[in-house]
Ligand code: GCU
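Shown below, as structure tokens, is a lone chain in the form predicted alone; questions about how it binds or moves come after it.
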């Protein structure tokens, strides 16, 4: 894969810009252990899911490999379960440098550059292979992935597979859009996700992941939408038994780093760091595919009902105007959208 070379080129090319953008703000580069200037630098990586998740495991392994490859100069400590805050909170801390790295859901990135919306739109990718073909295309994504370095001091290191998102709720299976009418469904905190779920027929309730279980338990929410891994890992299968394969989203997660922290590495350590990113991505992606199967099986053991009888065509028709409007806003979005359509044709599900 070429992703590490791409990010390295962008990071070096914009080092002056990113440093200027930081002004007199917080200096970043990780916490130092051992005192003085010779201690190990440990990057904090924030994660909003559990330590069972393949993205967590891939990041831990990445930290070990980084420490070994840099003779102990650098490592990564992963904080799962929103220990450092919700994604919306952490991304601000990432920008100012008090957190160096994080995983983030694609929709949150729209707040920094609205062109990220293309990959977050409903029914955009037909399958896993098509999505991977897009995120293997460094030339296509290079400008997008460095687009918030100057404004927010954030570099996108990789886009990762995050499963297929479906609707689950505590009331009944979802077969047609009528079954969503009146249900309060949690979505990620972005305008596009609110627009999507409302177009599908539900009442959108954006909130942080850490609040969803109690909201489902108390009836503040009727349901949510996510993949099988989150459904089981966060115990939503205990309080929302009906999981229906609407297959409305295949949005990526992104691995981010504070641009200043990345640029403070010397050339050799930066190349080492970036060279390990494709391994992290591959481990996380392949692990996710298996994790989704295991999660579904565990949810079924405690009584969750999985429904494949969904009128996907009806849902797709309802959200198509949203998709058409979003992808015709500018040439960048049109280029990304056209590339996805080509990948769908070349990699049918």
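Positions refer to the first chain, counted from 1. These numbers were taken from a predicted model, which means no experiment stands behind them.
Form predicted together with the ligand: not shown, discussed below.
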Only one of 92-100, 150-158, 226-234, 129-137 gets a heavy atom within 4.5 Å of the ligand in the model of the complex; which is it? 226-234
The unique member of 259, 246, 169, 87 whose heavy atoms fall within 4.5 Å of the ligand in the model of the complex: 87
Selected contact from 295, 285, 41, 49, since only one has a non-hydrogen atom within 4.5 angstroms of the ligand in the model of the complex: 49
Quick one: does residue 105 come within 4.5 Å of the ligand in the model of the complex, counting heavy atoms only? yes
My question is simply whether residue 209 lines the interface with the ligand in the model of the complex - judged by any non-hydrogen atom within 4.5 Å. yes
Hey, in the model of the complex, does residue 118 get a heavy atom within 4.5 angstroms of the ligand? no
Counting only non-hydrogen atoms and a 4.5 angstroms cut-off, does residue 253 reach the ligand in the model of the complex? yes
Within 4.5 Å of the ligand in the model of the complex: all of 264, 270 and 277, by heavy atom? no
Going through 181-212, which residues have a heavy atom within 4.5 Å of the ligand in the model of the complex? Please give them in sequence order. 186, 188, 209
